[in-house]
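Starting off, we have a lone chain in the form predicted on its own, written out as C-alpha coordinates.
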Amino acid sequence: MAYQRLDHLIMKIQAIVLAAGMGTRMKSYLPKVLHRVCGQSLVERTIRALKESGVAKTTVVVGSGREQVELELSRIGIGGVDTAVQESQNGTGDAAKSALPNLTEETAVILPGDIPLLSADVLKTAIASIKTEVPLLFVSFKAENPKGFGRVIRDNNGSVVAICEEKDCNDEQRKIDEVNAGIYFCSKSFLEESLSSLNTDNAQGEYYLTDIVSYACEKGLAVEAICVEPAIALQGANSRKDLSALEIVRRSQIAEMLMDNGVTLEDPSQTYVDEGVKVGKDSWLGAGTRLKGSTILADNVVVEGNSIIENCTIGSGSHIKISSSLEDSEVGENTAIGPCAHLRPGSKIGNNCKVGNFVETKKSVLHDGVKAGHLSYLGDAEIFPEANIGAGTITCNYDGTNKHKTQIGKKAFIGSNTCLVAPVEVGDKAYIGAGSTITKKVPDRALGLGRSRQTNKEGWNKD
(Lines give C-alpha, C1' and ligand atoms only; values in the text may rest on other atoms or scores of the structure.)
Protein backbone atom coordinates (compact mmCIF):
# COMPACT_ATOMS: atom_id res chain seq x y z
CA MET A 1 0.00 0.00 0.00
CA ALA A 2 1.29 3.50 -0.83
CA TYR A 3 1.32 5.98 2.01
CA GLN A 4 1.31 9.75 1.63
CA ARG A 5 4.35 11.72 2.68
CA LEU A 6 3.97 13.31 6.10
CA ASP A 7 5.82 16.47 5.08
CA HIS A 8 3.18 17.08 2.41
CA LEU A 9 0.41 16.71 4.95
CA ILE A 10 1.78 18.58 7.93
CA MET A 11 -0.24 21.73 7.28
CA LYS A 12 -3.35 19.63 7.95
CA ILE A 13 -2.65 17.84 11.19
CA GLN A 14 -5.01 16.64 13.89
CA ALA A 15 -4.03 15.63 17.41
CA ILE A 16 -5.33 12.65 19.34
CA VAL A 17 -4.77 13.19 23.07
CA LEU A 18 -5.01 10.03 25.19
CA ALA A 19 -6.82 11.06 28.38
CA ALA A 20 -9.03 8.08 29.17
CA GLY A 21 -6.97 6.47 31.95
CA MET A 22 -7.64 6.95 35.64
CA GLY A 23 -3.98 6.87 36.61
CA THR A 24 -4.05 4.30 39.40
CA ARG A 25 -0.60 5.27 40.68
CA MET A 26 -1.95 8.72 41.57
CA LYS A 27 -4.17 7.05 44.21
CA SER A 28 -6.85 9.64 43.43
CA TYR A 29 -10.56 9.94 42.74
CA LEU A 30 -9.59 12.55 40.14
CA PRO A 31 -8.63 11.44 36.61
CA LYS A 32 -4.88 11.77 36.15
CA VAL A 33 -5.08 14.39 33.40
CA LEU A 34 -6.97 16.74 35.76
CA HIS A 35 -4.13 16.98 38.25
CA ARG A 36 -2.38 20.32 38.01
CA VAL A 37 1.08 21.78 37.54
CA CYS A 38 1.48 25.51 38.19
CA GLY A 39 -2.25 26.07 38.05
CA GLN A 40 -3.06 24.24 34.82
CA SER A 41 -4.41 20.72 34.46
CA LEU A 42 -2.24 18.25 32.58
CA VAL A 43 -4.74 18.02 29.75
CA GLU A 44 -4.94 21.81 29.46
CA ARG A 45 -1.17 22.05 29.26
CA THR A 46 -1.15 19.45 26.45
CA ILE A 47 -3.88 21.18 24.47
CA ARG A 48 -2.22 24.58 24.80
CA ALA A 49 1.13 23.18 23.63
CA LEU A 50 -0.58 21.67 20.57
CA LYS A 51 -2.38 24.92 19.79
CA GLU A 52 0.81 26.97 20.08
CA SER A 53 2.62 24.53 17.77
CA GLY A 54 0.05 25.15 15.03
CA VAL A 55 -2.17 22.09 15.43
CA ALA A 56 -5.69 23.35 14.73
CA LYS A 57 -7.79 20.29 15.61
CA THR A 58 -7.59 18.07 18.68
CA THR A 59 -9.59 15.01 19.69
CA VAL A 60 -9.35 14.11 23.38
CA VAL A 61 -10.04 10.45 24.14
CA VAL A 62 -12.00 10.24 27.39
CA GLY A 63 -13.01 7.28 29.52
CA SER A 64 -12.52 7.17 33.29
CA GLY A 65 -13.97 10.29 34.82
CA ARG A 66 -15.38 11.25 31.43
CA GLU A 67 -17.78 13.90 32.78
CA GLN A 68 -15.03 15.56 34.81
CA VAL A 69 -12.63 15.69 31.86
CA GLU A 70 -15.33 17.04 29.54
CA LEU A 71 -16.17 19.72 32.10
CA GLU A 72 -12.52 20.74 32.21
CA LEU A 73 -12.36 20.94 28.41
CA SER A 74 -15.41 23.18 28.47
CA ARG A 75 -13.80 25.38 31.12
CA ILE A 76 -10.59 25.69 29.11
CA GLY A 77 -12.65 26.89 26.15
CA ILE A 78 -10.05 26.37 23.40
CA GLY A 79 -11.56 26.03 19.94
CA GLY A 80 -11.10 23.03 17.65
CA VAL A 81 -11.32 20.46 20.46
CA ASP A 82 -13.72 17.51 20.46
CA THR A 83 -13.88 14.19 22.32
CA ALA A 84 -14.03 10.47 21.59
CA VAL A 85 -14.99 7.84 24.15
CA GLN A 86 -12.96 4.74 25.02
CA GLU A 87 -15.67 2.54 26.48
CA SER A 88 -13.33 0.17 28.34
CA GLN A 89 -9.74 0.62 29.45
CA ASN A 90 -7.98 -1.80 27.13
CA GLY A 91 -4.68 -0.12 26.36
CA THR A 92 -3.32 2.86 24.46
CA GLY A 93 -3.84 1.22 21.09
CA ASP A 94 -7.52 0.76 21.85
CA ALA A 95 -7.73 4.40 23.02
CA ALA A 96 -6.24 5.65 19.74
CA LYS A 97 -8.63 3.44 17.79
CA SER A 98 -11.56 5.08 19.60
CA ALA A 99 -10.59 8.41 18.01
CA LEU A 100 -10.48 7.20 14.39
CA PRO A 101 -14.10 8.20 13.61
CA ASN A 102 -13.20 11.76 14.63
CA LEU A 103 -10.08 11.91 12.46
CA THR A 104 -10.79 14.25 9.54
CA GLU A 105 -7.26 15.31 8.63
CA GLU A 106 -4.75 13.20 6.73
CA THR A 107 -2.04 13.43 9.38
CA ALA A 108 -2.33 12.59 13.06
CA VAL A 109 -0.16 13.26 16.07
CA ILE A 110 -0.99 10.92 18.93
CA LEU A 111 0.24 11.78 22.41
CA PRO A 112 -0.60 11.22 26.08
CA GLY A 113 -2.35 13.93 28.04
CA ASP A 114 -0.01 13.69 31.03
CA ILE A 115 3.27 15.31 29.92
CA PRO A 116 3.27 18.52 31.99
CA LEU A 117 6.37 20.16 30.54
CA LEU A 118 5.63 19.42 26.90
CA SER A 119 6.12 22.63 24.95
CA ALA A 120 5.20 23.90 21.52
CA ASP A 121 8.93 24.05 20.76
CA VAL A 122 9.30 20.29 21.27
CA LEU A 123 6.37 19.62 18.97
CA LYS A 124 7.68 22.06 16.37
CA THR A 125 11.08 20.32 16.49
CA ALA A 126 9.40 17.00 15.75
CA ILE A 127 7.30 18.52 12.98
CA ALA A 128 10.38 20.10 11.41
CA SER A 129 12.02 16.66 11.31
CA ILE A 130 9.39 15.22 8.99
CA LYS A 131 11.33 15.45 5.75
CA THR A 132 11.40 11.96 4.28
CA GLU A 133 8.77 9.65 2.87
CA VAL A 134 7.80 7.78 6.00
CA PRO A 135 4.38 6.83 7.32
CA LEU A 136 5.49 7.03 10.96
CA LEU A 137 7.75 9.22 13.10
CA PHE A 138 7.86 9.13 16.87
CA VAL A 139 9.63 11.11 19.59
CA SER A 140 12.18 9.59 21.94
CA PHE A 141 14.58 10.84 24.61
CA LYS A 142 17.56 9.63 26.63
CA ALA A 143 16.46 8.82 30.19
CA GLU A 144 18.88 8.85 33.12
CA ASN A 145 16.68 6.21 34.70
CA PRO A 146 14.73 4.40 31.97
CA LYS A 147 12.73 2.28 34.41
CA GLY A 148 9.07 2.20 33.46
CA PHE A 149 9.58 3.42 29.89
CA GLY A 150 9.27 1.54 26.63
CA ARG A 151 12.75 1.05 25.12
CA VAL A 152 13.56 2.04 21.54
CA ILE A 153 15.06 -1.00 19.84
CA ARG A 154 17.42 -0.33 16.94
CA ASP A 155 19.35 -2.67 14.66
CA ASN A 156 23.12 -2.57 14.00
CA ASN A 157 22.58 0.18 11.44
CA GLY A 158 20.77 2.36 13.94
CA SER A 159 17.38 1.90 12.32
CA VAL A 160 14.34 1.56 14.53
CA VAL A 161 12.89 -1.94 14.60
CA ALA A 162 10.53 -1.83 17.58
CA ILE A 163 9.47 -0.27 20.86
CA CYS A 164 9.51 -2.78 23.70
CA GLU A 165 7.48 -2.08 26.84
CA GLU A 166 9.50 -2.65 30.00
CA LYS A 167 7.44 -5.61 31.17
CA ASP A 168 8.24 -7.33 27.87
CA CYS A 169 11.98 -6.42 27.82
CA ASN A 170 14.79 -8.91 28.35
CA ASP A 171 17.77 -8.02 30.53
CA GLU A 172 19.79 -6.50 27.67
CA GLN A 173 16.90 -4.40 26.42
CA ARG A 174 16.34 -2.99 29.90
CA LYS A 175 19.82 -1.42 29.71
CA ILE A 176 18.81 0.75 26.75
CA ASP A 177 18.49 4.40 27.76
CA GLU A 178 16.67 5.68 24.65
CA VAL A 179 13.00 5.53 25.54
CA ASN A 180 9.69 6.23 23.90
CA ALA A 181 8.02 9.56 24.71
CA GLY A 182 4.67 8.30 23.45
CA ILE A 183 4.31 10.97 20.74
CA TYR A 184 3.64 9.61 17.24
CA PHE A 185 3.18 11.37 13.90
CA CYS A 186 1.62 9.23 11.22
CA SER A 187 -0.56 9.33 8.14
CA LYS A 188 -4.23 8.55 8.59
CA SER A 189 -4.09 5.61 6.19
CA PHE A 190 -1.18 3.99 8.02
CA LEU A 191 -2.79 4.58 11.42
CA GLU A 192 -6.06 2.91 10.39
CA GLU A 193 -4.26 -0.13 8.99
CA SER A 194 -1.76 -0.53 11.83
CA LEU A 195 -4.34 -0.15 14.60
CA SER A 196 -6.48 -2.86 13.05
CA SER A 197 -3.49 -5.25 13.28
CA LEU A 198 -2.99 -4.91 17.06
CA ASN A 199 -3.42 -7.84 19.42
CA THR A 200 -3.15 -8.43 23.18
CA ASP A 201 -0.30 -10.94 23.07
CA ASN A 202 1.83 -9.17 25.71
CA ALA A 203 2.51 -9.10 29.44
CA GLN A 204 -0.38 -6.75 30.22
CA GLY A 205 -2.94 -8.27 27.88
CA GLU A 206 -3.66 -4.89 26.31
CA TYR A 207 -3.57 -3.27 22.88
CA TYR A 208 -0.24 -1.42 22.81
CA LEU A 209 -0.02 1.67 20.63
CA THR A 210 3.74 1.06 20.53
CA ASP A 211 3.10 -2.01 18.36
CA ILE A 212 2.39 0.21 15.36
CA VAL A 213 6.17 0.70 15.20
CA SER A 214 6.77 -3.05 14.96
CA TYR A 215 4.02 -3.29 12.37
CA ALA A 216 5.68 -0.66 10.17
CA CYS A 217 9.06 -2.37 10.47
CA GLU A 218 7.60 -5.79 9.60
CA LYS A 219 6.07 -4.25 6.48
CA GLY A 220 9.48 -2.90 5.48
CA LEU A 221 8.40 0.69 5.94
CA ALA A 222 10.80 3.39 7.09
CA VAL A 223 10.25 4.49 10.69
CA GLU A 224 12.01 7.51 12.18
CA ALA A 225 12.61 8.35 15.81
CA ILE A 226 13.68 11.87 16.72
CA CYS A 227 15.56 12.04 20.02
CA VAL A 228 14.59 15.32 21.70
CA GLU A 229 16.27 17.29 24.48
CA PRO A 230 15.83 18.21 27.24
CA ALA A 231 14.47 14.92 28.49
CA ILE A 232 12.54 16.62 31.29
CA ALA A 233 10.24 18.17 28.67
CA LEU A 234 8.94 14.68 27.84
CA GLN A 235 8.62 13.18 31.30
CA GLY A 236 5.14 11.92 32.13
CA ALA A 237 3.44 12.41 35.48
CA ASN A 238 2.42 8.94 36.64
CA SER A 239 2.50 9.44 40.40
CA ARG A 240 2.28 12.18 43.01
CA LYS A 241 6.07 12.12 43.26
CA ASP A 242 6.38 12.69 39.51
CA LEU A 243 3.85 15.50 39.70
CA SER A 244 5.70 17.23 42.54
CA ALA A 245 9.09 16.91 40.83
CA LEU A 246 7.77 18.35 37.57
CA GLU A 247 5.98 21.16 39.42
CA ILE A 248 9.30 22.18 40.97
CA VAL A 249 10.98 22.22 37.55
CA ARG A 250 8.24 24.29 35.94
CA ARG A 251 8.05 26.67 38.90
CA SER A 252 11.79 27.23 38.60
CA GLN A 253 11.42 27.95 34.87
CA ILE A 254 8.68 30.51 35.55
CA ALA A 255 10.81 32.14 38.26
CA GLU A 256 13.72 32.46 35.84
CA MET A 257 11.48 34.04 33.21
CA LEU A 258 10.18 36.56 35.74
CA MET A 259 13.69 37.52 36.84
CA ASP A 260 14.84 37.79 33.21
CA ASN A 261 11.97 40.25 32.70
CA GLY A 262 12.94 42.53 35.57
CA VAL A 263 11.12 41.07 38.58
CA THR A 264 12.94 40.55 41.90
CA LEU A 265 12.22 37.34 43.79
CA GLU A 266 13.35 37.25 47.41
CA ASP A 267 13.65 33.46 47.24
CA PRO A 268 12.85 31.85 43.86
CA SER A 269 12.55 28.41 45.42
CA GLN A 270 9.73 29.64 47.65
CA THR A 271 7.80 31.69 45.09
CA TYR A 272 4.75 30.03 43.57
CA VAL A 273 3.54 31.62 40.34
CA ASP A 274 0.91 29.99 38.13
CA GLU A 275 1.15 29.64 34.39
CA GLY A 276 -0.19 32.76 32.67
CA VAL A 277 0.25 35.16 35.60
CA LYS A 278 1.75 38.49 34.48
CA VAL A 279 4.13 40.54 36.62
CA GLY A 280 5.47 43.96 35.64
CA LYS A 281 9.02 45.26 35.77
CA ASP A 282 10.61 46.30 39.06
CA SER A 283 8.03 44.36 41.04
CA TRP A 284 9.21 42.50 44.14
CA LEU A 285 7.87 39.15 45.36
CA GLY A 286 8.58 37.96 48.88
CA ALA A 287 9.26 34.39 49.94
CA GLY A 288 6.08 32.34 50.15
CA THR A 289 4.17 34.52 47.69
CA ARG A 290 1.52 32.67 45.66
CA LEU A 291 0.22 34.29 42.48
CA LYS A 292 -2.60 32.23 41.01
CA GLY A 293 -5.05 32.08 38.14
CA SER A 294 -5.32 35.13 35.89
CA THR A 295 -3.52 37.54 38.23
CA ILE A 296 -1.86 40.59 36.69
CA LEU A 297 0.61 42.79 38.58
CA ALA A 298 1.60 46.11 37.00
CA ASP A 299 5.09 47.60 37.27
CA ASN A 300 6.66 48.35 40.64
CA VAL A 301 4.29 46.27 42.77
CA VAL A 302 5.55 44.88 46.08
CA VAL A 303 4.06 41.64 47.40
CA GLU A 304 5.38 40.65 50.80
CA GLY A 305 5.84 37.04 51.82
CA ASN A 306 3.10 34.50 52.45
CA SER A 307 0.52 36.52 50.55
CA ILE A 308 -1.92 34.75 48.23
CA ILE A 309 -3.30 36.59 45.20
CA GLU A 310 -5.73 34.81 42.88
CA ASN A 311 -7.45 36.22 39.78
CA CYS A 312 -6.65 39.82 40.73
CA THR A 313 -5.27 42.92 39.03
CA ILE A 314 -2.90 45.10 41.05
CA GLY A 315 -2.02 48.61 39.90
CA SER A 316 1.41 50.18 39.63
CA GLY A 317 3.18 51.16 42.84
CA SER A 318 0.84 49.23 45.13
CA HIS A 319 2.08 47.34 48.16
CA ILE A 320 0.57 44.05 49.33
CA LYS A 321 1.86 43.53 52.85
CA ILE A 322 2.72 40.27 54.54
CA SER A 323 0.20 37.41 54.83
CA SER A 324 -2.62 39.07 52.92
CA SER A 325 -5.18 37.15 50.87
CA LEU A 326 -6.77 38.59 47.72
CA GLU A 327 -9.16 36.79 45.36
CA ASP A 328 -11.14 37.94 42.33
CA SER A 329 -10.51 41.58 43.16
CA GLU A 330 -9.05 44.79 41.71
CA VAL A 331 -6.54 47.09 43.37
CA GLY A 332 -5.61 50.47 41.94
CA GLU A 333 -2.30 52.34 41.93
CA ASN A 334 -0.22 53.31 44.96
CA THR A 335 -2.52 51.44 47.33
CA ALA A 336 -1.47 49.56 50.47
CA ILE A 337 -3.17 46.29 51.40
CA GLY A 338 -2.47 44.56 54.71
CA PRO A 339 -0.71 43.15 56.59
CA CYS A 340 -3.12 40.25 57.06
CA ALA A 341 -5.90 41.83 55.00
CA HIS A 342 -8.52 39.78 53.15
CA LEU A 343 -10.03 40.97 49.88
CA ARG A 344 -12.83 38.60 48.98
CA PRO A 345 -14.41 38.29 45.52
CA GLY A 346 -15.86 41.42 43.98
CA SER A 347 -13.72 43.91 45.90
CA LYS A 348 -12.60 46.98 43.94
CA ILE A 349 -10.06 49.14 45.70
CA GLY A 350 -9.12 52.47 44.10
CA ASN A 351 -5.90 54.50 43.91
CA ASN A 352 -4.06 55.77 46.99
CA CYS A 353 -6.16 53.67 49.36
CA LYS A 354 -5.24 51.88 52.55
CA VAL A 355 -6.81 48.59 53.60
CA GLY A 356 -4.96 47.73 56.78
CA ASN A 357 -4.33 44.83 59.10
CA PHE A 358 -7.19 42.39 59.57
CA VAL A 359 -9.55 44.36 57.35
CA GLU A 360 -11.88 42.22 55.25
CA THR A 361 -13.78 43.40 52.19
CA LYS A 362 -16.39 41.54 50.14
CA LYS A 363 -18.08 42.79 46.98
CA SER A 364 -17.27 46.35 48.01
CA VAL A 365 -16.01 49.38 46.12
CA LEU A 366 -13.53 51.66 47.87
CA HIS A 367 -12.98 54.75 45.76
CA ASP A 368 -9.72 56.70 45.59
CA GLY A 369 -8.15 57.74 48.86
CA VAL A 370 -10.33 55.63 51.18
CA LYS A 371 -8.61 54.47 54.36
CA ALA A 372 -9.68 51.51 56.48
CA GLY A 373 -6.75 50.93 58.78
CA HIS A 374 -7.68 48.23 61.25
CA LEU A 375 -9.93 45.31 62.13
CA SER A 376 -12.99 46.06 60.01
CA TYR A 377 -15.47 44.15 57.84
CA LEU A 378 -16.74 45.99 54.75
CA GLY A 379 -19.22 43.86 52.83
CA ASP A 380 -21.58 44.97 50.03
CA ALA A 381 -20.48 48.56 50.49
CA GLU A 382 -19.63 51.52 48.30
CA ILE A 383 -17.30 53.98 49.98
CA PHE A 384 -16.66 57.25 48.19
CA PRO A 385 -13.32 59.12 47.93
CA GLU A 386 -11.28 60.00 50.99
CA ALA A 387 -13.64 58.50 53.54
CA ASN A 388 -12.01 57.22 56.72
CA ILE A 389 -13.16 53.98 58.30
CA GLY A 390 -12.29 53.59 61.98
CA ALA A 391 -11.07 50.42 63.63
CA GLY A 392 -13.70 47.78 64.34
CA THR A 393 -16.25 49.09 61.84
CA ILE A 394 -18.72 46.53 60.53
CA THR A 395 -21.19 46.82 57.70
CA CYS A 396 -24.01 44.57 58.87
CA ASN A 397 -24.98 43.52 55.35
CA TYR A 398 -26.90 40.28 55.99
CA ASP A 399 -30.30 40.09 57.70
CA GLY A 400 -30.45 36.31 57.74
CA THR A 401 -32.14 36.12 54.35
CA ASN A 402 -30.84 38.86 52.05
CA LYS A 403 -27.74 40.98 51.56
CA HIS A 404 -28.07 44.78 51.72
CA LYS A 405 -25.84 47.65 50.66
CA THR A 406 -24.08 50.31 52.71
CA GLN A 407 -23.11 53.64 51.13
CA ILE A 408 -20.56 55.97 52.73
CA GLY A 409 -20.08 59.44 51.27
CA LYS A 410 -17.01 61.48 50.32
CA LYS A 411 -14.70 62.45 53.18
CA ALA A 412 -17.01 60.84 55.72
CA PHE A 413 -15.47 59.78 59.03
CA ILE A 414 -16.65 56.56 60.62
CA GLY A 415 -15.67 56.31 64.28
CA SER A 416 -14.20 53.15 65.78
CA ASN A 417 -16.42 50.22 66.70
CA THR A 418 -19.32 51.37 64.52
CA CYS A 419 -22.02 49.00 63.25
CA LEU A 420 -23.67 50.17 60.03
CA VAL A 421 -26.90 48.19 59.71
CA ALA A 422 -27.64 47.92 55.99
CA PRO A 423 -29.37 49.17 53.97
CA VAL A 424 -28.04 52.50 55.18
CA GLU A 425 -26.38 55.66 53.85
CA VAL A 426 -23.85 58.00 55.38
CA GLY A 427 -23.61 61.38 53.66
CA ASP A 428 -20.62 63.35 52.38
CA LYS A 429 -18.39 64.75 55.15
CA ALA A 430 -20.64 63.19 57.78
CA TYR A 431 -19.25 61.93 61.10
CA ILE A 432 -20.24 58.84 63.04
CA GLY A 433 -19.42 58.77 66.73
CA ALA A 434 -17.34 55.87 68.01
CA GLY A 435 -19.31 52.90 69.27
CA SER A 436 -22.47 53.79 67.37
CA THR A 437 -25.01 51.47 65.79
CA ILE A 438 -26.39 53.31 62.76
CA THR A 439 -29.73 52.18 61.32
CA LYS A 440 -30.92 55.36 59.57
CA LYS A 441 -29.52 57.65 56.91
CA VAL A 442 -26.99 60.20 58.17
CA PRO A 443 -27.23 63.44 56.13
CA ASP A 444 -24.25 65.29 54.63
CA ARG A 445 -22.04 66.97 57.26
CA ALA A 446 -24.16 65.60 60.13
CA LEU A 447 -22.91 63.81 63.23
CA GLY A 448 -24.58 60.45 63.69
CA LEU A 449 -24.74 58.91 67.15
CA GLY A 450 -26.43 55.67 68.06
CA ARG A 451 -25.34 54.54 71.50
CA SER A 452 -26.61 54.44 75.08
CA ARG A 453 -25.88 57.27 77.47
CA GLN A 454 -23.04 56.40 79.87
CA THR A 455 -24.06 55.83 83.46
CA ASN A 456 -21.56 55.67 86.33
CA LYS A 457 -22.57 53.89 89.57
CA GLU A 458 -20.47 55.36 92.36
CA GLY A 459 -19.16 52.92 94.96
CA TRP A 460 -19.99 49.87 92.87
CA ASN A 461 -16.78 48.13 93.96
CA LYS A 462 -17.03 47.44 97.72
CA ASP A 463 -13.45 46.07 98.13
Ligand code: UD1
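In case it trips you up, residue 1 is the first one in the sequence shown, and so on. Predicted, not measured: the structure shown is a model, and the values here were computed from it.
What comes next is about the form predicted together with this ligand, which does not appear here.
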property	result
Contact segment among 264-272, 304-312, 70-78, 108-116, judged by heavy atoms lying within 4.5 Å of this ligand in the predicted complex	108-116
Partner proximity in the predicted complex: residue 25 to this ligand, non-hydrogen atom cutoff 4.5 Å	yes
Distance check, residue 330 to this ligand in the predicted complex, heavy atom within 4.5 Å	no
This ligand contact in the predicted complex: residue 338, any heavy atom under 4.5 Å	no
Close approach of residue 372 to this ligand in the predicted complex, 4.5 Å, heavy atom	no
Contact residue in the predicted complex, from 325, 214, 352, 90 (heavy atom within 4.5 Å of this ligand)	90
Position in contact with this ligand when the complex is considered in the predicted complex, options 279, 186, 99, 181, heavy atoms within 4.5 Å	181
